[in-house]
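Here we start with a single chain on its own, the form predicted on its own, put down as structure tokens.
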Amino acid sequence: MISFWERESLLHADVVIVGAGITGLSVAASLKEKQPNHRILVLERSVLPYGASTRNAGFACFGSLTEIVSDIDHMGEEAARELLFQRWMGLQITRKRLSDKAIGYEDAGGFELVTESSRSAIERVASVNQLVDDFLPEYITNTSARKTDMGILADGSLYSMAQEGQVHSGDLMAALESYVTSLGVIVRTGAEVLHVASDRVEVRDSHRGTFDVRTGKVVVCTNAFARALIDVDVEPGRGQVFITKPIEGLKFKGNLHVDEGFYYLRNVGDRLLFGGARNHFFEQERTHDFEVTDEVQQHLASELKRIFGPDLAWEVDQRWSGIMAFGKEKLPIVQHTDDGLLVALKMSGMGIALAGFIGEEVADMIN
């Protein structure tokens, strides 16, 4: 039951944002920066962001060679370039807003192992570099000479991507939440949104039951879970990962992409974090279930042994998964719906890079 005081003072906002992941909080930050007097309320059903914002690999990246080539072939050069620009610009916004120290940013370097099945992409390095030269000059470079020094024993050519780094995903989200609350944004967790309309959202609280929050605008930022609220072209994609215990004498430092980014590996200090393989288990991984499965985890372990050889001694410390959002088209969905809502969805596993840009885009659409 809601009191008179609560209804008068606490259950209304100029803008309600559904979802307190990196996209939702970045939207809140941009809105509050542009309209400091607006009352911005963010609703999150979980104590921690529910999807992938604190469950990802922490890549601060824009796209590897084979991924970009695939995007050009499927989307065309203009759309592929726009997507890379949005990722690049979004990361600049986030780094400037929060500081590299606060988000644990490291200029660790990004690499891709290009295997024989993708060698045709190598012939397009020059054209890819030319496509993004104005914001990512000399983006892709052959660094195969460094393979042995990095401990990589698998066949294939090694290419590096300029300006790629790493973040600490937990620190990033903590810094972003601290930043938006310092601006006066209200973040409510444990608030499950059941229904959205242009002027209100229906919320369920485990203690108080169901009630409405009145608002002037609703922005849905629940990514893979958006179809529970609106009719939109998104589907879930689970990403399973594991992190090893510390590895004595680990040579590899940085990020490593394999097979259009479907496999992603990085060091976390002297540990290795490895995830992906969704392309081998598309149907199984098209789910909202956070379970980790033996089949995928064993596949990842086999692939890690292939990359570094059987002599690298490692042991898994933790396993987990995150739920990303994908669709027929790879560009994010940022648009008004027919019933007056705004949606900012479908980061395709690139929320860390895209969120800052998406936040600005949504804020401009509201103001």
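Just so we're clear, the structure is a prediction, and the values are computed from it rather than from any experiment. Start at 1 with the first residue shown and count on from there.
One more form of this protein, predicted together with a small molecule, exists but is not displayed; see below.
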property: Partner-contacting position among 40, 324, 68, 29 - heavy atom within 4.5 Å of the small molecule in the model of the complex; result: 324
property: Position in contact with the small molecule when the complex is considered in the model of the complex, options 156, 109, 236, 239, heavy atoms within 4.5 Å; result: 239
property: Partner contact for residue 19 in the model of the complex: the small molecule, 4.5 angstroms, heavy atom; result: yes
property: Contact test in the model of the complex: residue 191 vs the small molecule, heavy atoms, 4.5 Å; result: yes
property: Close approach of residue 343 to the small molecule in the model of the complex, 4.5 Å, heavy atom; result: no
property: Non-hydrogen atom contact residue 229 with the small molecule in the model of the complex at 4.5 angstroms; result: yes
property: Every residue of 50, 58 and 351 near the small molecule in the model of the complex, heavy atom within 4.5 Å; result: yes
property: Partner-facing stretch of 101-109, 137-145, 220-228, 119-127, counted where any non-hydrogen atom is within 4.5 angstroms of the small molecule in the model of the complex; result: 220-228
